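Given next are two forms of a protein chain, the same chain in both, each as structure tokens and marked structure 1 or structure 2.
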Structure 1
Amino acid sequence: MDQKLTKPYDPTTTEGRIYETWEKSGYFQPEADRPWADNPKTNPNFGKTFTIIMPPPNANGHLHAGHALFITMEDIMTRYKRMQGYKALWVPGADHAGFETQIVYEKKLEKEGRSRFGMEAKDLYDEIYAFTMEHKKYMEAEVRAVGASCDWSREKFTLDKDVIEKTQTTFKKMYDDGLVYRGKRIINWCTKHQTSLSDVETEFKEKKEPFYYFKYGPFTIGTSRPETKFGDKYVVMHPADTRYQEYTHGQQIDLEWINGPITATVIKDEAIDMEFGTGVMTITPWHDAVDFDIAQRHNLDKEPIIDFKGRLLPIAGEFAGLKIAEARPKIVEKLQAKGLLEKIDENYLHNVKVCYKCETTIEPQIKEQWFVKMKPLAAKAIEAVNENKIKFIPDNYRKIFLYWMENTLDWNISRQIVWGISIPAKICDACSDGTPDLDNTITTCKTCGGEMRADTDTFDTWFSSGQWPQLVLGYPEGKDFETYHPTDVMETGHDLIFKWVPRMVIFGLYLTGQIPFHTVYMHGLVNDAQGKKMSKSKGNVVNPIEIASKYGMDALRMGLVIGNPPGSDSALAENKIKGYKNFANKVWNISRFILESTEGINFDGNFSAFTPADQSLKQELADLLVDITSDMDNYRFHLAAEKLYHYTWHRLADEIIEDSKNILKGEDVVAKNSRAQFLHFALRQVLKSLHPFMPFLTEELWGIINPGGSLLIIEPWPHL
């Protein structure tokens, strides 16, 4: 018996060595030489490919529990398909994570007493680049530590030269095809970070604020934002509202308002909710998306009230220069003094749009930006899903995907940050016209003849990430693209069903005419032991690398998978991980017992020599493996892992091995040899089928029971 088995299993001395062996072997690459897999007579899946593109982790910090989950899930899929004989390609990557990384670096600058607003753009970019490259090394080392059997020779970074060039080329192509335009539209503005955000980069936070009712001529209007009302000169009501039938569209009414008398114009529009408040409202087209749409429909004036730093403009008169929070009570006080305040509801609960990173209240602003026309692109995505070209796991995410595509808005892809892929365009300050310029040759505006300057904005990160499946496979001319696209599975978090997944589908269809993947597997959030979302502020973050150093990465992987069906959030408790460390030790001890108690009996796989009892045990195991294989094929990894756990511990260890002790000590040579052969056979099948879930432990044991043989990573999946 191998002397290693006489000692307890120690993952700290095993995992790094095993991973280095795998990586040096070249078996992470689909082209690797595997004799049985390269022979159509021995490989039923000869010539088939299986491809996953890794959702690139942010290169700005360490992995969190969610990263460990998706790496584990994708590694399980890849190892399983590799053992089935597929040419399995899993492409790793790293994300520059534009806005998020810049925020991380801004916090670093704050601690140093510096600000990005006082820096030259190039200097800031260079600093963030160096910072990101350093953290990228740590992140990639942690991906390896989880056991990712991805092809590092194909790794891509979202700021690789070819990625930048192809992303910019797509922008130009979309502009030429009429799918990208520059327009003055309402956008989401973060006053803290001084950039626009797309809708998916904002969140809604419930707030309790006062709701004010003001007298506006003959009407009563309600608002939670009196600071926006200085420019309100349109009063809007539903054309079918009988309460206001005496007023006609376009009618003008003189009335007293915040800073004196004004003339208001009546607008009739069906966007008004007759059941909300008094059924009549004034509009501020510059600072509200609904109001902006009404103004667009009726060709109304739009005037800014609040600047991009969140301060009131001169139109606010005596309140000019004040921040919103400071100005609001003073404005209400003035309206009350003029007898225009009717009442205040102090307990108004409503959802306020905030920046998803800093929770600063979003200030809608009208700004010239680059937009993608989403409706024609979304239509193709809807068609592909309705034709069942893409499968969602779980299936309810199909409806969510379709909802977002059916209700999509034009996508603002401009960001006022330096960290990211620059928008290759020239802007005319005289007329605000914009033109893509990949070669940097345009100097004069084609519209007004004015001088053109380089656009200083960068792309929304999702613009490049949306093209990720094509970019990493070398679209359009790459051999990998021809071989491995469309990919098989996109495994990602369920929160990205409306952020990343739709963009990959629309870009795949637009650029290649193909879906980018056949299956979307959604995993849930990994919460703490009490089921609460992990956050640094709560102090409940579980660091996957730290917990794995304590219990072993295989134990963490099992803890992440078992009890975690697709699409569901899961709780990660340390006791759970500890339990699977005990399971790893149990597998180790099972292996030791089998080798010790059958020493001198060579395993020859001669099933015909099995006794009827062992034939029955073999059939039981065969039935289990058929069941587990079905689970694996249908993405029920949580069930497959749980069944293997129960068979190995409760059936094989607790019952079969206990029953075997007397047989192996008995005088019946036939029964003894048969049981020894079965135990060797069962151990090999268990190690093979556990390998995708617990790769380090199983590879170590495989090398012990098969000294000088091939690595377990390329052994065929058990099929009986």
Structure 2
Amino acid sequence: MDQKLTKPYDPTTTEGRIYETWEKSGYFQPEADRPWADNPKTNPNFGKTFTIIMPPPNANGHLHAGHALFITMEDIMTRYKRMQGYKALWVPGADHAGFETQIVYEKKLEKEGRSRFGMEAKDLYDEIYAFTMEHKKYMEAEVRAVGASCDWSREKFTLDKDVIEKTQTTFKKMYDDGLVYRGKRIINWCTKHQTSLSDVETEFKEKKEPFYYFKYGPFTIGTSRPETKFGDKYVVMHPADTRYQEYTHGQQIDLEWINGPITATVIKDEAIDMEFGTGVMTITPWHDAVDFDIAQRHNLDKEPIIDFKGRLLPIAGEFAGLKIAEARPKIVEKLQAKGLLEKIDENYLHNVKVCYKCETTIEPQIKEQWFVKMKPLAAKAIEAVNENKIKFIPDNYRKIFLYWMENTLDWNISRQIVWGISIPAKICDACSDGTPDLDNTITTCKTCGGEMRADTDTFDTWFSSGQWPQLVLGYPEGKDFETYHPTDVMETGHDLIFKWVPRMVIFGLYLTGQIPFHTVYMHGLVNDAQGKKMSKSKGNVVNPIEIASKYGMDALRMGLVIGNPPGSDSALAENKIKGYKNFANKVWNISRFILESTEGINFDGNFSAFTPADQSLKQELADLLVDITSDMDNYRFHLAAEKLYHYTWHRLADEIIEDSKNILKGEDVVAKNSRAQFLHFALRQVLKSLHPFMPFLTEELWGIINPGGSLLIIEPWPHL
């Protein structure tokens, strides 16, 4: 008997070695030679491809439990399809993660007593680049540690030269097609990070703030933001509001305001909620999205009140230069002194838009930015989903996706950060026009003849990530693009249902006329043992690499899969993983027993002289495998794994092997031989079908029971 089988299974000495064997074998590449699979007579899926593009993990740090989950899921799908004879391609990647990485790096700078605002853009970029490249290595090593059978020869980084160039080309193409425009529109501004943000990069936070009622001429207006009211010269009410019938649209009223007398204009607009406050409000189009829309509709003046650092501008008179928080009480005090404060509601609860990273209150600003016109693009995406060209797992994400698509507004793709793909455009400071300029040839403004400078902004990271399936496969030309696009499955977290998935659908359809993937598989959050969200502040973060070093990666993978249906969040308990470590050892010992107790009997793949008892055992196993195959085909990996676990331990080991002890020790040579053949057969089926879930253990055992044979990774999936 083989020496290797005498000890308990030790994942720590096995996993690295096995992964190296796989990587060297070339079987992660779909082109690798596989005799049975390359023959249409032995491979029912001959010539078919199966493709997954890996959501590129952030290159700025280490893997977390969520990464381990998605790598496991995608690896299961890839290994399963590979064993079924498909040319299975899984392309790994690394994400520069623009804004996110820049924030990580800014924190590092802060610790060192430095700040990005004093640095040359180029120097900052180079520093972050070096930082990212260093961390990228750890990330990749950890992806390997999870067992990812992805094709490293095709790995892409989101700042690879061709990725940058193609992203910039898309920008130009969209501009030429009228789908990208430079607009002076209201945007989300983070005063801490000094950049604009898209709508999906902001969150709402419930805050209790005072709500003030001020006398504004004959009206009483309600506001939670008195500090923006300096420039307010439009007073708005609903056209159907009978309380204000006597006032007409466009009517001018002289009144006393914060810094003296002003002339206000009455505006009637249906955006006003008659039930809210007094039904009358003044507007600040420069610093509020609703107000901006009203001003657009009626062609009203817009004036900035607050600068990009969050301080009041000279229009605020004596308050100029003050930060919002300092200015607010002083302004209220002054209005009160002038007798214009009517009352204060101290318990006003409302949602305030904040930066999703630092929770700083968003100060909306009007700014020249590049925008993607979403309506026509979204229409095509909606059509594709309605025609069932894209399937969602679980299905309810389809509705969520469609709702978002139907309601999405134009997308601001300009970011005032250096860490990203630069926007290849020239900007005219005189008339603020902008023109894409891929070749850096434009110097004068076509609108006003003014001098043009290079745009210093970078793309929103989702602008390039949205094109990821095409970029990775070498669009617009190349064999990979022809062979593997559209891809099969996009497996990603449900938190990316808006940030990423819709952009990919849009870009896929726009660039190639094809959907980028047939199926979207959403996984949930990996929570702690109590089902609570993992967070550094709670101290309940589970490091997958650490856990795996204790129990084995196969055990962690099983722990992540079993009991975790698509779309729902899961709880990761250490005890659960320990249980699967025990299972790995069980499989190890089953193999030991079968080899030991059948010494001298060679497995015969064509053996048919089974006793009726063994024939029925074989049928039982065949039925199970049919069932499991159906689970695999329908993305019920959690069920497939659990059934295999149960069969292997509680049927094969606890019952069949126990019964076999007497048979194998007995005198009935026919029965003995038949059972030995069945046990070998069952072991092989179990190892094969467990392989997508527990690749290291099963590959190791396969090598031991089948010395000199081919690797398990390319064995055919059991079909009986």
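In this text, the rigid core denotes the largest set of C-alpha atoms whose superposition between the two forms falls within 1.5 Å. Since this is a predicted model, take the numbers as computed values, not measurements. When a residue number appears, read it as a position in the sequence of structure 1, where counting begins at 1.
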{"property": "Structure corresponding to the form predicted together with the RNA", "result": "2"}
{"property": "Residue 605 C-alpha shift between structures 1 and 2 of 2 Å or more, rigid core reference", "result": "yes"}
